[in-house]
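Taken one at a time, structure 1 and structure 2 that follow are two forms of one protein chain, written as structure tokens.
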Structure 1
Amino acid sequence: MSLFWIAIRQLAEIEEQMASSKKVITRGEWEKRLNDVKIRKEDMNKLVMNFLVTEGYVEAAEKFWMESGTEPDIDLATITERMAVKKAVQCGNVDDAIEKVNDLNPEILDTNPQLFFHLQQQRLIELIRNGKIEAALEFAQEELAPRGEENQSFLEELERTVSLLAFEDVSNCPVGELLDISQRLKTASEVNAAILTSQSHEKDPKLPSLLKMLIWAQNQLDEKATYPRINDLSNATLEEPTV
């Protein structure tokens, strides 16, 4: 029985329990009820495919398609292009990423001022990271300052980024987190989401929502009953109800 299956059944069962007034449910009882919950395999497969596709695991999605017969809901070729963009940002090759996005769909950056600003911001950060201070100054003046002029809401972030140039020891300054890899990942995620939206695909996979729902539902039921909980999502084991 896959972990996934367990988690979903848990969720379905909890929703039913909310209606009744029992206080304590033993493990045996609970597991029996779980077994009675009907979940369709096709639904699970779709969820898995959705996850693979949204996160960009092209080869895995192709293989899963072959092996399960589940069709992806978007063209896998576009995933490859999207992943190339995401990877470029994650590696700090922002110029390359911008060129690729523009080849994919020139409207994305033309209609997303915030995203465009963040990409330009990342370019500046990379120049500073590589010690190219002269180039960074020129870039800040020519490319970043106009963004602030065009849109006042960017001014604050602009100032933060430019202030990196003022510090000798960039890794220890107040805005040092901008140099962190997490900043690259944040920007990469933003680009990924924008591309997905432009392709009319939802930018978040369904699986996390399902798990969040499970955690929430368990918390709700906690107020009414004691029952076997799933406390560790990664292994989905049912823990004994503590009386």
Structure 2
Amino acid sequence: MSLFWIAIRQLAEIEEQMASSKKVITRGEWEKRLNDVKIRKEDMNKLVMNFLVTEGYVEAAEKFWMESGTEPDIDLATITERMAVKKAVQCGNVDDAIEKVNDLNPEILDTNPQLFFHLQQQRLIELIRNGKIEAALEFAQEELAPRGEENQSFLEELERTVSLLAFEDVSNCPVGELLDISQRLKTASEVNAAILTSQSHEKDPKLPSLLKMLIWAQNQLDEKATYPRINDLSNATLEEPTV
């Protein structure tokens, strides 16, 4: 996995050295450059731990801590609590999720009106999904409408959600995607990010950003050189350059 770090650094150095015409870099030359760069194992371990903690793999994080000695930067017990909140939203149990968030840190929802609105919006969606039309209308009027009066974007989202009630067949509804599981996942991800932020932790793992940086750097270098490229990110195999 350290090959990603090495490749990005080499790509940046090579790009600065390339002339306007494309240069052909052989596999031997490229691998020599890669081998000249040293990456500390401690830094790689921190990258792995960051991914495990951010994505909520608590058991794997505990095992990796024991095996590598890399201490996580947050209490692993909070990961279990955070994943319980995320799972509750993904299952449509929004009331339970809100209660769990408040138990974890009540300031999260108190200081994030957009997140709280989206959770309330998800509650409305679940009522509509379960056919509780009267309860949905009452909830929208009492809980969401006042917030829509204070925020134009909230009002527009509320109107989109309530419009679900106008269609007997939601498959033909222009906002039918609100009833898709992807909407639950979207809300769950937003809650997960807010909890991580409240714990002074990055809301996104570093590894995906690193991979995006690798792809961007390779695309930049493609314009100036032919070199052994990493096309399969799953195994980081260098492919022979095509002349």
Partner chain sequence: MPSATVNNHRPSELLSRLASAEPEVKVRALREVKNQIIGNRTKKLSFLKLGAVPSVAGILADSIDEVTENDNRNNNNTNNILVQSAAALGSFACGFDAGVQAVLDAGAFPNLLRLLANPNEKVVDAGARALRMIYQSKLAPKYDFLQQKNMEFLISLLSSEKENVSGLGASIITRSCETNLEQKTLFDAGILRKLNSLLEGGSLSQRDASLESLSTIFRNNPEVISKFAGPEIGRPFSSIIDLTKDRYPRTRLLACMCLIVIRNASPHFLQDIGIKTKIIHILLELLDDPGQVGDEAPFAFSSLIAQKEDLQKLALEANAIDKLHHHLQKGSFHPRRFEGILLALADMCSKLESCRSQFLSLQVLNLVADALTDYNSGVRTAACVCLKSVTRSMKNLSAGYFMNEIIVIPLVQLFLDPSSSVQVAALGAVSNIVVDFTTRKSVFVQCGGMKQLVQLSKSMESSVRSNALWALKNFVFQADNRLKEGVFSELTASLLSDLICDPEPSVQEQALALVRNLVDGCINLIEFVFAEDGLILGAIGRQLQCASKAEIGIQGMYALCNVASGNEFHKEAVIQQLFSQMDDKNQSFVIKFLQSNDSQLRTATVWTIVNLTCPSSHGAPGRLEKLHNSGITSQLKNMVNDPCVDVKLRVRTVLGQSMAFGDN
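For the two forms, the rigid core is made up of the largest set of C-alpha atoms that agree within 1.5 Å on superposition. Worth saying up front: this structure is predicted, and the values here are computed from it rather than measured. Each residue is numbered by where it sits in the sequence of structure 1, with counting from 1.
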Panel number for the form predicted on its own:
2
Would the C-alpha of E55 be classed as shifted by 2 Å or more between the two structures after rigid-core alignment?
no
Core-superposed C-alpha of E31 shifting 2 Å or more between the two structures
yes
